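Have a look below at one chain only, the form predicted on its own, in C-alpha cells format.
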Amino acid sequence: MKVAFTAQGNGWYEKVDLRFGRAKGFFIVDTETDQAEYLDNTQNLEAAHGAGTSAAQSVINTGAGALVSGSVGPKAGSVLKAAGIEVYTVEGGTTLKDAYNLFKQGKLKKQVL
C-alpha cells in the first residue's frame, strides 16, 4: 500500500506538515518496498480557495490508500473518504521517518471524516 504524508520537504528527516491543502508537498511511501517519492504541492500554497480539494485529488492520483497529516478539513476529507483513503493524524515536530514507523506500528490516531 502507498501512504501519503504531508511534508515540509523531500527527505525522511523532514517534518510532517500539519497543514493538508497548503502543505509544501507530499511524501509518498510504498509500505511493501519502503521506496519513497516526493510530490510538490506548490500550486496550492497560495491558492485563494480550493487548496484542500485540489490537494486531495493529488493524493488520490498517487494511488495512496492512507494519508498522514496534522488534520484535514471537511471538504478535502469528504473527497478522500469517497476515494477510500483513510486519514491519520500526527503531532507537530514529527519527522517523516518517525511518522512512517508509527503508521506501520498502528500507533497513529485515525481522523473521523
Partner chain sequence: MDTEEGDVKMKIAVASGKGGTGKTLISTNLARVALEQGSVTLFDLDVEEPNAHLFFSEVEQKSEPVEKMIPVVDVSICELSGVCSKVCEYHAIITLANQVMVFPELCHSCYGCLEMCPSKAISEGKKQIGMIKHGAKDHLQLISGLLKVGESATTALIRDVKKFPIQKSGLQIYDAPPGTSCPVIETVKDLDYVILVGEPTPFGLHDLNLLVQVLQEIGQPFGVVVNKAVTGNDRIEQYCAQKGLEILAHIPLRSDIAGAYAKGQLVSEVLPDVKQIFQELLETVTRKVNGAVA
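Being a predicted model, the structure only gives us computed values, none of them experimental. Positions refer to the first chain, counted from 1.
Keep in mind that the form predicted together with its partner chain is not shown, yet the notes after this line are about it.
Legend entry - Listed residue that, although its partner chain is not shown, lies within 4.5 Å of it in the predicted bound form (heavy atoms), from T31, S78, S71, T62: Partner contact (heavy atom, 4.5 Å) among the options: S78.
Inset, instruction - Could you spot which one of L45, A36, A83, L39 gets a heavy atom to within 4.5 Å of its partner chain in the predicted bound form? - result: Flagged contact: A83.
Inset, instruction - Could you list which residues of 33-54 come within 4.5 Å of its partner chain in the predicted bound form, counting heavy atoms only? - result: Residues within 4.5 Å: N44, H49, G50, T53, S54.
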